[in-house]
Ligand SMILES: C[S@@+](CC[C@H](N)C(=O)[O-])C[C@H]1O[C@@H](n2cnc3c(N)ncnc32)[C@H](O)[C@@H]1O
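First, one chain by itself: the form predicted on its own, in structure tokens.
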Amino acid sequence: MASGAAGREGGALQAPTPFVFFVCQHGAEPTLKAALCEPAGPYRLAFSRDGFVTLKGTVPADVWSKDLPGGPFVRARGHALKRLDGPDIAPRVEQVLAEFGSLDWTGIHVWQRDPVEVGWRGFEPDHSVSSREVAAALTQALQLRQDPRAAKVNFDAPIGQRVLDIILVDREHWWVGTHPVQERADGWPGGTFSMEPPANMVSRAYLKIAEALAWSGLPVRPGDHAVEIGSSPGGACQRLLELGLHVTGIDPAEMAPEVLAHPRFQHWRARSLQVKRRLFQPFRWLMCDANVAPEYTLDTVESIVTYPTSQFAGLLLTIKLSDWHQTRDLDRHLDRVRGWGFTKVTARQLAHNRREYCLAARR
């Protein structure tokens, strides 16, 4: 790729290269490439690693363009400006600021592609040790320059902001890129929702529901009634209870004692098919994270939300994928949920998902 900082022509910020980057989960690369690369899409494959892909093609000259394609399996995207290699952090930090410091970005995101699959040996995507070191070095260098953007390194960027990306493909290989914040997840470094879980987190379902709520924007409120199908051992219920909801968990398996003891929780120890559909009438929100085939999940939820007495305002469904070929059914899944009367139906493979995706629906 060509070196040098982006320049201005005719008042518009111009990209120095015809490259773009896309970030996804390990294993989702073929799905992403099939959608974006010729003949289906406008790009050709360039540099690629597990979870991080750069593509070449005709791209908008403005590095803050909002015209780059996305999709449910795209975690983050942007213009790829330059690759930087080397063993030491300090020289590359200086090079980034020398070449790209004059661009009109409002903050920096420093993040690492997932080095392994989510869940492998307890791995969860978040700021790595390496990215924290680089972020600290960038903050210090900006402070020495008295640049007010020093306070905006790895910030949660609101919609409308312009972000310079420092992507750690590995410790010695970085990419510099840019992206505008167009939607909520664009404001998270690398498209990964980050939060400090409680010390007594019941299960990683806590992280999944926290990210799903943050991404989807479902307007859950304290006092709302929510039901979760496939609730054991209770990680998602734990988060919903923290948010002040009344929560009912449906699962034949046991719940964690701390969830079971909560005054706003009740456990229906049964399979969802055994629960009379009229009993769902009080609930405003339905969550489902059951380890079953996609059609089984959708069949179960359909029989509940289309029952005459049901009054659900929104859904969060985890759709499991036995293999990556099932991603081709995603549009059909979304259309099916729209047929239940939900007008806003979207999907995203969350950073804390494994081989699955989150389907969010609102009336």
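These figures come from a predicted structure and were not determined experimentally. Residue positions are given as counts along the sequence shown, with the first one as 1.
Missing here is the form predicted together with this ligand; even so, the following discussion is about that form.
Asks: Against this ligand in the predicted complex, would residue 333 count as a contact residue? Criterion: heavy atoms within 4.5 Å.
Replies: No.
Asks: Decide whether residue 180 counts as a contact residue for this ligand in the predicted complex under a heavy atom distance cut-off of 4.5 Å.
Replies: Heavy-atom contact with this ligand at 4.5 Å: absent for residue 180.
Asks: Report yes if any heavy atom of residue 216 sits within 4.5 Å of a heavy atom of this ligand in the predicted complex; otherwise report no.
Replies: No, residue 216 is distant from the partner.
Asks: Wondering, does residue 252 line up within 4.5 Å of this ligand in the predicted complex on heavy atoms?
Replies: Looking in the predicted complex, residue contacts with this ligand include residue 252, since a heavy atom lies within 4.5 Å.
Asks: Given that this ligand is left out here, which of 114, 211, 289, 165 has a heavy atom within 4.5 Å of it in the predicted complex?
Replies: Contact with this ligand in the predicted complex is made by 289 alone.
Asks: Of the residues 245, 138, 76, 229, which one places a heavy atom within 4.5 Å of this ligand in the predicted complex?
Replies: Flagged contact: 229.
Asks: Tell me which of 172 to 180, 190 to 198, 144 to 152, 270 to 278 has residues with heavy atoms within 4.5 angstroms of this ligand in the predicted complex?
Replies: Comparing against this ligand in the predicted complex, the contact stretch is 270 to 278.
Asks: Could you list which residues of 317 to 331 come within 4.5 Å of this ligand in the predicted complex, counting heavy atoms only?
Replies: The stretch 317 to 331, when checked against this ligand in the predicted complex, contributes only 320 at the 4.5 Å heavy-atom cut-off.
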